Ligand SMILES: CC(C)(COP(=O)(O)OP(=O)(O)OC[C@H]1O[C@@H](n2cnc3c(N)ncnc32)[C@H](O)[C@@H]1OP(=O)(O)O)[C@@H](O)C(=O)NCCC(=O)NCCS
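Below sits a lone chain in structure tokens, taken as the form predicted on its own.
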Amino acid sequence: MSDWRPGQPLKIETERFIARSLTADDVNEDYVSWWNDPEIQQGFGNPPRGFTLESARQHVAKFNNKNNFHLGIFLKSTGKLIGFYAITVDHRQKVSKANLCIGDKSLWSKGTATEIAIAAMKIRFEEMGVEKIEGEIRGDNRASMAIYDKLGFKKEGTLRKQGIGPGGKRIDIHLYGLLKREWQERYGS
């Protein structure tokens, strides 16, 4: 259980990480670099964003901790910022979406995304009243597809050539979903 209340910063703790609502003071050169890294942004189906420290701080300030959250992912052992997790919750429809970025590439393929995602899904289902978590993958991001599969999401469809990716290339958007009932069956909550 977290001690989160609507409008208050959210904090999620796992074995190796702390994910908590970012503030403008948390924004650093590493964070900015992830938005401008072609390899990382391609995973989101986007070109590099051209962020500066100031535009990144403005981006972080847009999140209200009620229906949209921007969590920094920090190593417990050192306090180093290694990524972020953006969550939206439609409280009326009881549906949530998220985007996860592990910016520190030395932590790719080490279970980082899975560990954070499971903890964040638990809070959304158990404390925020969400009935479904949706996932959207832009382009051919096989690593994200594997994570959704590992977490028990069902592929619900593909919007063929729905978006425009890096370089103006048309890309597919793959839709995934996990129902609260499926979560409970899988994770025993």
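Not measured: the values here are computed from a predicted model. A residue's number is simply how far along the shown sequence it sits, counting from 1.
There is also a form predicted in complex with this ligand; it is not shown, and the following applies to it.
None of 140-148, 62-70, 47-55, 25-33 except one has non-hydrogen atoms within 4.5 angstroms of this ligand in the predicted complex; the exception is 140-148.
Highlighted residues 8, 86 and 88: none comes within 4.5 Å of this ligand in the predicted complex, counting any heavy atom.
Heavy atoms of residue 40 reach within 4.5 Å of this ligand in the predicted complex, making it an interface residue. Using a 4.5 Å cutoff between non-hydrogen atoms, residue 77 does not count as a contact of this ligand in the predicted complex.
This ligand is not shown here, but in the predicted complex it comes within 4.5 Å of a heavy atom of residue 109. This ligand is not shown here, but in the predicted complex it comes within 4.5 Å of a heavy atom of residue 102. Of all the residues from 56-71, none has a non-hydrogen atom no more than 4.5 Å from this ligand in the predicted complex.
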